[in-house]
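Single chain ahead, written as C-alpha cells, the form predicted alone.
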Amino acid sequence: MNVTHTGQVTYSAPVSKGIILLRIKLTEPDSVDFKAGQYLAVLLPDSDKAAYYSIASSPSKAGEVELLVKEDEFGAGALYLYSLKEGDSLQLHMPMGSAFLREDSDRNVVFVAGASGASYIRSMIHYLDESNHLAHREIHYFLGCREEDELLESDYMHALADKYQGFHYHPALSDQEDWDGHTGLITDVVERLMPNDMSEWEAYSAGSPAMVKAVADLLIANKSLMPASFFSDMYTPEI
C-alpha cells in the first residue's frame, strides 16, 4: 500500500477506559480532503502490513486527523500507535471507505455504535454540529458499552442534546448495575425507542460485525428502513 500522507503526533492521551485519542498533524502534504465517516490505513514500520482506523475528527480540520485507538495487547496496530509519543512521525494512506455521511441529504438520521465504533460516528456528529446541520434534522445517537467509563464524549453529547431540540443521545450499558440509564443490548434499545416507519431515514453503524448486522436486520425488517439507506464499512445489506 502506497503512502499518501506523512504526519507527526501532537497529542496522545486516554479519553475513556482503554481508548486513547491520537492527534496527528499532517506534514506532507499538509492537508487532506476527506468525508466524515471515512477511514485510513496506518502503515506499520518494518512491515508490509497496515492497521485500519476510522478518522475520528471532522473534515473541517483539514490539516490534522484524530484517531481513537482501543488498547489491544495482541494487535500490531494498537501496540504501534500506543507506543507513539509527541513528535513521532508516521505514514498514512487515506481517505478510504464509501460509508461516509451523505452531506447532500436532509433526512433524519440514526447512529448506532458499539464501544470503539464511536470513532466512526464521532467524525459525523462533530461535522454536523460545526456545519449547523443539527439544527434542522432529527438525530438519534445510540452508543452501547459495557460500563460507564467506556462511554466516549458523553458530556459533549449531552450538551448537544441541550443545544439542539432534534438531537437525542441514548447511551446504554450492558454490564453495570448502578446505572439509571438504558441497559442491555443496544439493538433492544434501538427497537424500543425508534419509530416503526423509518422508510425516509438514514442509518450509520459501527462496532463488531455481528452487532452491525443485527442493527441492519432490525432497522430493515422491523422499522422499514430502506437497505440503500444503511451505511457501514462493516456490513452491507442486500438490496
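Everything numeric in this text was worked out from a predicted model, so none of it was measured. Each residue number is its position in the shown sequence, starting from 1.
The form predicted in complex with a small molecule is left out here; the points below concern that form.
Residues placing heavy atoms within 4.5 Å of the small molecule in the model of the complex fall in a single listed stretch, namely 52 to 60, out of 52 to 60, 181 to 189, 196 to 204, 168 to 176.
Although the partner is absent here, residue 123 sits far enough away that none of its heavy atoms falls within 4.5 Å of the small molecule in the model of the complex. The shortest heavy atom separation between residue 68 and the small molecule in the model of the complex is within 4.5 Å. Using a 4.5 angstroms limit between non-hydrogen atoms, residue 138 is distant from the small molecule in the model of the complex. Among residues of the shown chain, residue 76 is one whose heavy atoms approach the small molecule to within 4.5 Å in the model of the complex.
72 is the sole member of 88, 72, 130, 103 with a non-hydrogen atom lying within 4.5 angstroms of the small molecule in the model of the complex.
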